[in-house]
Structure formats: structure tokens, C-alpha cells
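The chain below stands alone and is given in C-alpha cells; this is the form predicted alone.
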């Protein structure tokens, strides 16, 4: 198999009239999806003079039209770059200038923004590309030039220097991962998926391509539903959803709402989580309401094609226990190195490193960052073999399972002690009346700062933490929030909280 579009073609042949994807306004069958994508490709190739393997920017709405545009770009022999139209305009402009895209695709809702961007690149409305005749010969010629090692998409993530990083992922990367995950997590054409992740967040790759490979149905959930968990659960029951592949933060949010004390998701069979550390307290809330559901914890940065480890949760965990991230996904090796790039002993903490087919090509137009993160395997001096350094710390427990600790930059020195903020945050989030909490160090004043959401006072928090942590690890300043801020990827917006703190 060379191209993910083969998933679409096979499912369109087997299930032509079955709904592939649906949002609150429209749905599309597999046959329609194939024809629409070919129509877009024909029109697109006319506009960009039949060029191949170029990045096509898409202002990605959370709807069916965006997915049709993705597959249309792939039919044209190019690769798609989903961009959040709600990001600050200057950041969006900087990405587009770096990208040098031959065209920007947009939906009706983003027409004003698109017109403001057309000085950077030509623009085209997705709906206007959906009409006209299909030219199969032109499409076939363009696709014939695409190899499985060529890009399928590029996703931009934040960079430590303030410049966004474009991560280039190939067809082979995605095919290998989806083939493994569909078998390991037992997806079939009978699955009905409830998509939560936005399409510019790589977690959504699982929803998109598991649906396409298996001939399943995927409902794109309205973002507003997550503000009203009772309505969300009602909608999931109405749609008879069987599978949720969600960001962990959304999973925690629903648990904290206490909705499961009143109602459960009746048809749910499996929940697969990733993006942040999974907390046992919230997992236990879901398991209590839905004990027969299979829960799986995944871990991996965008650079390794979504995930590189998995753990099927097969035992109970106390609220204050850490849930492992598990073992390596098929065709990926995960191992730990110390600061000198030497393997660590079992039980010792080291940086998570990965090798295998899932590794991205690197960062778009940034060889320096690529060479810093994707390095020669220090264990192999004999021939070229790349590994990816994640910047995350973990250890292997007695069962051989990897246990995530924190980011390398989450390690601080406070009052002369070396502290893992991940350990502190784990203890905070395990407290009974805490819904979520994050910490960081005010280096100038040598103070550990904590922002939290929950029904405890700062004094109560530190009083309870003393049962788990030494005094030097306790937060010095605590701020209680009514609601935690979240970024576009559904993760707690740590940058905003730090900015708020330093602006005080």
C-alpha cells in the first residue's frame, strides 16, 4: 500500500452509501467523499499548474468540508497543512510565509480572513472547488508521482524559540500506525466514532484514518457540547457512539462535571486517550459508570506520528497512582537515554527516545532544529540510523512498562533541591476536590507557583500535600480559578497562565 487514499477507495467500493463523516450540518457517504475529493483535485491542479508534493494550506474548520479538502489535496498529489484560523493573525501570517504554499483553501466562515491573506498566496473557497467535471487522467498522473515516503500532512506545533515548527509526516508513517492501531484496538466497520480533536491537532489523525481504513462512521462533535457535558452525553447516546479517541483533557473535563453520577454512555465500548498525562482519579469516575468499556492510554509527540507507546488499562488504580504509558507500538522502539546519551538502568529516569518507521522527516525548512532533535542512534556506530529525542522523562517500572514523569524542562532547582514538577502536579491532581492544577517556577523569586481549579483553599491544599511530599516541594503561591484556560489543542494553556502571573 502506497497511499492513504487506497483506504478511501476500498471503503467506497465496499460501503458506497454508508456515512463516512458527519457534522451537525451535513454528512457525506464514502462514494460521495471519493467523488468530491476527485472534483477538488481536478480544480486544484488547474489552479496550481499541476505541481506535486507541495504543501497546500487549509484554514481548517471542524467540519466535513475540511476533511473533503484534505482528501482533495491528496488526490492532487500534494500534501495538506491544516491551520487554525482562530490563531493570532500575525502568527498565521508568519506560518504561511514560511510555508510558501501555492494556494490557501478556506471555508465560507473564513472568507474575510482569507481575503486578508491573499497577499501571501492565492486563495480558493472549498465549496467553489466542489463543482465541475472530474479529470481522472490528470489525477492519476499526479498521484503516480507520489511515493509512500512522500508527505501526507504537515502540522505546526509551538517552538521553544517562539517560531512554530512544521512537522512533516509521510503516507508510510500514517499507514504503518493505522494498520497497527486498527488491529490492536479492534476497530471494525461497525464502529461509530465521536471525534473531539480539531483537525489541526494530530490526535485527530486517528479518528480520520481509522474511520477511512475500517469503513466506520465518524461524527464530528460540536465544540460547544464540551461546555455542557449533559448535552454531550445525550448526543453521544443519540448517535450510538461506540468509540472515543479523545484528548485526555477532554476526558478529565467530562469526568469532573459529575455527569456520570446521573447518566452513562450506553453504547460505548472503547476509549482511547492521549495528549496529556492520564489521571487515575478521573479514570475511576469513568470506570465506575462504565466498567465494561476498554480504556487505553497512549503516548507520543507529533514527531513520531501521533503515538509511540500504548497501555491497555487492565487493573485498578488508586486515585493517587500514576498510570503507565505502557510499551512500544509495533515497528517502533522506545528506550531511555541519560544526559550523556547512554542507556539507563531499569528503574532509572531517562529521556524518552524513539526509532522506527513512525519518525517524521523532520521540521520544514529548519535543518538546525531537525538535526538537534533527530540524531544518529548513539547505540549504533555502524550505519545511519535516526532516533527522535522527545525531551520527555520516564522510567520503566518492575513490569517493564514506561511511566511518564515530566518534560526535561519540567525539572527545576528550588531551595537547593532538584524537583520534578510532574511529580508535584500528579500529587495535586490526585487530591479529592482538585479538578486540575499546573505549576511552574518563578526563578527570580525562587517560588513555586500553582494555578488550580477545585473546591479547596490554598492552606487546605498544602496541608493535604504534606502527607505525600516533602515541605520543599510544596507550592509557595497558589491561585484558584473558576475555570482553567485551554489552548486550541485542548491542553491547559500554561503559556497564558504564566503570562497572567508575570503581568500581576
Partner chain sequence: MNELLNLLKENCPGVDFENSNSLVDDEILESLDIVTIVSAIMDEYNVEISVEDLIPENFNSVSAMYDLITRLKG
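Fair warning: this is a prediction, and the values are worked out from it, not measured in the lab. Take the two forms, find the largest set of C-alpha atoms that superpose within 1.5 Å, and that set is the rigid core. Residue numbers count along the first chain shown, from 1.
Below: the form predicted in complex with the partner chain, not depicted.
- Only one segment in the set 37-45, 63-71, 432-440, 473-481 has any non-hydrogen atom within 4.5 angstroms of the partner chain in the model of the complex, and it is 473-481.
- This chain appears without its partner; in the model of the complex, the one residue of 149, 94, 230, 87 with a heavy atom within 4.5 Å of the partner chain is 230.
- Think of it this way: in the model of the complex, the partner chain has a heavy atom of just one of 374, 180, 226, 295 within 4.5 Å, and the residue is 226.
- Put simply, residue 414 is close to the partner chain in the model of the complex: some heavy atom of it is within 4.5 Å.
- Taking the partner from elsewhere, residue 31 is found to have every heavy atom lying beyond 4.5 Å of the partner chain in the model of the complex.
- Among heavy atoms of residue 463, some come within 4.5 Å of the partner chain in the model of the complex.
- Residue contact check for residue 447: one or more of its heavy atoms lie within 4.5 Å of the partner chain in the model of the complex.
- Against the partner chain in the model of the complex, the set 195, 485 and 498 makes no contact: no member has a heavy atom within 4.5 Å.
- Along 251-267, a non-hydrogen atom within 4.5 Å of the partner chain in the model of the complex is carried by 253, 257, 259, 262, in order along the sequence.
- Residue displacement note: residue 457 has its CA displaced by at least 2 Å between this form and the one not shown (rigid core superposed).
- In the model of the complex, the CA atoms of residue 465 and residue 277 move farther apart by at least 3 angstroms compared with the shown structure.
- Between this form and the other one, the CA-CA gap for residue 448 and residue 283 narrows by 3 Å or more, being smaller in the model of the complex.
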